[in-house]
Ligand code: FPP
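One chain is shown next in structure tokens, namely the form predicted alone.
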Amino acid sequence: MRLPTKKRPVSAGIVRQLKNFEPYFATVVRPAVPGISEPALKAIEAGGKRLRPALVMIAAGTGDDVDEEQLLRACAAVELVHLASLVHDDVLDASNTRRGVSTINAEYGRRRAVIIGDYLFGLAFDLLAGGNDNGLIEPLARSAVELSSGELRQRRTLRDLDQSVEDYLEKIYAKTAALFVAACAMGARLAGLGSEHEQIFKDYAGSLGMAFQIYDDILDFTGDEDALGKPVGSDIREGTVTLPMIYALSLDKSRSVGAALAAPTTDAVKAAVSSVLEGGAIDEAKKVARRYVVSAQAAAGLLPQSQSRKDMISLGNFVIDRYH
């Protein structure tokens, strides 16, 4: 179980399923050749909230008699796509640490990291193809395409100060929320739910994913470096323009955020972080994130009373309250 246990944002049943998922997830990766399996297993062991597998489980819990093997396959496939995207992100950003440990990129080199990321992407779909429901492949494939598209858009707009809130929201839907939607869609399919529930899960997962990413970008300024596993202000250093920065750019009379994006020296980044924290940008970003949480919880409220509905609403609160 990688989600926090103190506040426990999901029910005991999901906690048990996540505990069972961990050894299964390792066995999926372990058969690869050592040059791939060893770094990939290190990345798995480094951590992660396992939020996407939890979403598959919660959505699947709205049905009866869900096939356990199929559920584990779906959870592993979703998390493999997520893990692959992180490996590739670290290559693109030349990141040395993630979650407080060395990245595959830093420890094994860029070329092997790219190959490992490619392998993990392929393994996700090979895993689903080995099951007896090829309909699970389509939502995950669609989200993988959106994820790549969102990443490309982000690369094209690095250090670009002329970005609107709408530009940012479109990118994070593709980069983050789309995989949340796929996770819920796969769980709902395993549950055998009808089409009348499809839009509810899409609205819920899309809004939850948007809120999650906005708060993730907020934590880049407000989080603790030890808990984050990376330095505060990493987005500025990498040139990724996030919602707090967009608001800060409109509020920052000293122009420190724009200066740090253009030339991210240590002093410039420090001044920009202070400007974001003190200028009201964080509060503005939180307002947007909270609206998405409210939308997610409202969508969940359309489902019949069940433990899954309670878990969906609880995860919305977790997104607001979470710490890395």
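Everything numeric in this text was worked out from a predicted model, so none of it was measured. From 1 onward, residues are counted along the sequence shown.
Note that the form predicted in complex with farnesyl diphosphate (FPP) isn't included here; everything after this is about it.
Of the listed positions (L86, L127, L169, A106), a single one reaches within 4.5 angstroms of farnesyl diphosphate (FPP) by any non-hydrogen atom in the predicted complex, namely L86. Residue V81 is the only one of I246, M210, V81, I236 with a heavy atom lying within 4.5 Å of farnesyl diphosphate (FPP) in the predicted complex. None of the heavy atoms of L190 is located within 4.5 Å of farnesyl diphosphate (FPP) in the predicted complex.
Among heavy atoms of F121, some come within 4.5 Å of farnesyl diphosphate (FPP) in the predicted complex.
Heavy atoms of Q163 never reach within 4.5 Å of farnesyl diphosphate (FPP) in the predicted complex, leaving it off the interface.
Although the partner is absent from this view, D203 stays clear of farnesyl diphosphate (FPP) in the predicted complex, with no non-hydrogen atom inside 4.5 angstroms. The candidate stretches are 195 to 203, 92 to 100, 70 to 78, 182 to 190, and the one lying within 4.5 Å of farnesyl diphosphate (FPP) in the predicted complex by heavy atoms is 92 to 100. Contact check at 4.5 Å (heavy atoms) against farnesyl diphosphate (FPP) in the predicted complex: all three of A144, L147 and K175 pass.
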